[in-house]
Structure formats: structure tokens, C-alpha cells
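As a starting point, one isolated chain is supplied in C-alpha cells, in the form predicted on its own.
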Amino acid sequence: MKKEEIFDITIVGAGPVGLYATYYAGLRDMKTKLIDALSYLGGQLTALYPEKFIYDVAGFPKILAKDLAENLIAQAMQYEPTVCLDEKIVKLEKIEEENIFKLTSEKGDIHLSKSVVLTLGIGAFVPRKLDIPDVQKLEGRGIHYIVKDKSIFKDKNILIVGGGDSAVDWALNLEDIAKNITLIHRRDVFKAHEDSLKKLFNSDVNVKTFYELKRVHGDEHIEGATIFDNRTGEETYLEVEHIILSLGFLANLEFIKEWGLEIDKNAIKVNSKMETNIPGVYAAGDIVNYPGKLKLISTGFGEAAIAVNNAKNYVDPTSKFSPGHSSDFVPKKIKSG
């Protein structure tokens, strides 16, 4: 085996939970490596919705996803972890005789670590798509799954399809920018926070429940959409220049099923210590499942701290599980700047 550098902890996944885990590992004076398959840090915050406001992170009445990512990155980099981007980990195995983990990337690069924390979000996220003629043809030309620049919607007519937090949040975020917004949902029950729904129904957004998208119109760019009432079949034509399909993302965990991890409900099964079934391997965030699991960034932060503290104790059994409050000690090294 090549004598690559061995780290105390390797965190796979550089989204918000992974970034916080990286910070916390530095706080616990662990030699830390952070790996992500993307070419930049921030995960979904930067890849999927950088311009969307987030309302449920402690300490911020509201904050843009890209700003939250920037703050998390600055916090995580204080202890100068080793960062490896464009590295999709495809294999995880334990070298029993040396009690270390060997992580192999798609490129064939080897990473060695005494412990591992998986903060993979929903895995390789792929947007849900509708099997409707011309939708794929017009992707990027008025059909959107991801919004990175809100300015393109200025003074435009927009149709938003979906009934989750993302659809509702985009309707509220774009209300002051767009000329007109229609939001359609196939049911009258939304999977969004109550306060957001209250704001939605008190806004100027045209909300139409029991409606679905039937056809899109346009050659080089979206010009309109036909929607229909799924109770009566009645069709309505809307003049729109943009359609945002907020239908969620499909989790793809195929790449980790061969690692020997126990999977439960399309997520990694963990206990209250964020331990997986493999000693020394922990997980946190949307990738995990346990009784009472709540998929929020804020709960992911707590899970990251639990995972790292247990990893610290696993690597160094003489260390305390709980180091006390961060204000009780002076961090070993903080990068200025």
C-alpha cells in the first residue's frame, strides 16, 4: 500500500453539513480532509439555489443560500483543512491490519483516514422531470430546475410547478422581480413551512391547486404553457416566458451500496451517535435516517457535531466525547484574514 498521508478524519461531502463538520473537526484539533465531487464548495447551496433565501438557520432572520455557503466556508477554512474537489469517492474499505480507511476516487486517487464522516446530502442529485413533449428540448431556454440568477426573471411572466418548500420559496423570492407569477400544484396540500404558506396566500402570486402542466409552447424559448384541472380536465393557456419545475430531486445512492453500509429508506442508517454499521464511519445530514429524523440544515449541523465528537473519541479514546463550550478554550490555530 502506498504511504499516502493519513488523516484523523475525512469528511465526504462539502455541503453545509460537511462544511460545519470540517469546522468542528478543526475545533477538536483533528487533522482533517474534506472531499467533494463538485468543483466548488457549498453543495446544494451553491449548485442548486444560490439566490434563494433560507429562513430556518439559527441566527439569521433570512440569508441567501450563497451567503450562507460563504460564511460556512470561511468558518470551515479557519483550521486549514486539506480540501480535495472534483473527487467523487467510489470505494470505501477498511484496512484492518492498520485500522484505517481507504477511500478511492473515480480518478483512482487514494485517501487514507482513521475515521470517516459521510455528509453526502441526497447523494448524486438529479432533478425530477416531467414526461411532457418539448420540456427537455426547452431546458435552459425557459425551462428551469435550478435558479442561479434571479435577474433573468425581471418583468417576466413565470409559471412555477410544485408544492414543496422550494416551489413556495421561489414564488415568494421572485414576487418583487417578476411581472406575474402563477404557482400550480396537483393537490391542495403543500409540503412547506406554515409561515411560508401564510405569506404565499397573502401575496399576489396566483395559486392554483389541483392543476398540472400538460404542454409547453415555444420553438427557441418558452412562450406559453397549457395547464389543466385534474378534477375536471378543463385546460387553461398561460402566456409565460419561464417555467420553474420544483418537483424535487431523485436521490442516487447506488455508488455507496457496495460499501457495506446499511441502507434504510434510501438513506444511511445511523444510531443516536451518528454511527453507521461500520465502526469508525459516521454520517450526518440528509443522507442519514433514524427514528424521528428531520431533514433540515439546522438539524444537520447538530448531527455533524455529534458525528465529529464521536469520531474524535474513536480515533483517540482518551479524549472526551464533549469538549465543553467553544468559549471555554482558545482554539489551537485560526487563520487570520
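A residue's number is simply how far along the shown sequence it sits, counting from 1. The model shown is predicted, which means the values in this text are computed figures rather than measured ones.
What comes next is about the form predicted together with a small molecule, which does not appear here.
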In this chain shown alone, the residue from Pro81, Gly162, Gly121, Gly142 with a heavy atom within 4.5 Å of the small molecule in the predicted complex is Gly121
Answer key, the small molecule contact in the predicted complex at 4.5 Å (heavy atoms) among Ile306, Ala37, Ile278, Leu64: the residue is Ala37
Contact segment among 263-271, 215-223, 230-238, 82-90, judged by heavy atoms lying within 4.5 Å of the small molecule in the predicted complex
82-90
Counting only non-hydrogen atoms and a 4.5 angstroms cut-off, does Ile297 reach the small molecule in the predicted complex?
yes
Close approach of Ser166 to the small molecule in the predicted complex, 4.5 Å, heavy atom:
yes
So, Lys33 and the small molecule: in the predicted complex, are they within 4.5 Å at any heavy atom pair?
no
Could you confirm whether Asn289 comes within 4.5 Å of the small molecule in the predicted complex, counting heavy atoms only?
no
